[in-house]
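Okay, so here's just one chain, in structure tokens, the form predicted on its own.
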Amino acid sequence: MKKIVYITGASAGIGEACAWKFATESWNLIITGRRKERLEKLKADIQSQYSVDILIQSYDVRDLNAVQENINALDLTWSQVDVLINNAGLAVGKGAFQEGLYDDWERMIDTNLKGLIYVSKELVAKMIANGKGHIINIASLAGIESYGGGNVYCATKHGVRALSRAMRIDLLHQGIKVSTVSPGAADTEFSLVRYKGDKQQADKTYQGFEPLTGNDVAESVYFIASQPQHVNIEEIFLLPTAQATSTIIDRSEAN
């Protein structure tokens, strides 16, 4: 029987790359996100190459009722989730704390923290009932070190890492594994969303060096998920070779 992975934020970036990676390893997929048309295209593209079953659940992780309705609607087969990848997340805006916008902050807190909590809480109940499960949370370098202009985004990702450690303690005697992947600069839609569609500004983020890709991160996620039951990789922290910290990047390729 094929294993099942549940991926939030699968319509682009790291989530989409995880869907492809797990499909290549013959896992069945539950892919979620707000953009249903993208999920439908992803499903069609994957199934044109791999013999896997794919279930689409289109909803916003910020909406607790939608989270509960979708997860509770899983039938007996699809509810046997082996791995949850909490990937849905974003940064919105970048600037000094005193200039921040409440709407931006609430969107990040509601998605990066509350959405992760909602999905995890609903699926954990099924994992406990199934006697198996593994939660992999996508955090960030911003959850390891804070940087100017990152304030609330950094706070949410620090929260993800703290929550992951606490979940691991609480779920230890249930046999549920909890892991974290914390990437540095990764060229996905991250900067485009952060700069609210300003492509020119977003592109500057990755100028002069080779950033991580969604596929790079997906490889680490799958490595964690593929370990035997008695092995839990607590965290993988990966950076582009050109990056040392959030603010120290070798951009010499631009010269």
Ligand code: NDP
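When you see a residue number, it is the position in the sequence shown, counting from 1. Since the model is a prediction, treat every value here as computed from it, not as a measurement.
The same protein also has a form predicted together with this ligand, omitted here; what follows describes it.
This chain lacks the partner; the member of E69, D203, E189, E219 within 4.5 angstroms of this ligand in the predicted complex by a non-hydrogen atom is E189.
The listed set T111, S120, S179, S79 contains one residue whose heavy atoms approach this ligand in the predicted complex to within 4.5 Å, identified as T111. Relative to this ligand in the predicted complex, residues R35, A139 and G184 are all within 4.5 Å by at least one heavy atom. Listed stretches are 81-89, 166-174, 120-128, 98-106; the contact stretch with this ligand in the predicted complex is 81-89, by a heavy atom cutoff of 4.5 Å.
In the predicted complex, this ligand lies farther than 4.5 Å from every heavy atom of I31. In the predicted complex, this ligand sits within 4.5 Å of a heavy atom belonging to A12. For W27, no non-hydrogen atom is located within 4.5 Å of this ligand in the predicted complex, even though that partner is not displayed. In the predicted complex, this ligand lies farther than 4.5 Å from every heavy atom of I56. Residues of 53-87 lying near this ligand in the predicted complex, listed in sequence order, are Y59, D60, V61, R62, N87, the criterion being any heavy atom within 4.5 Å.
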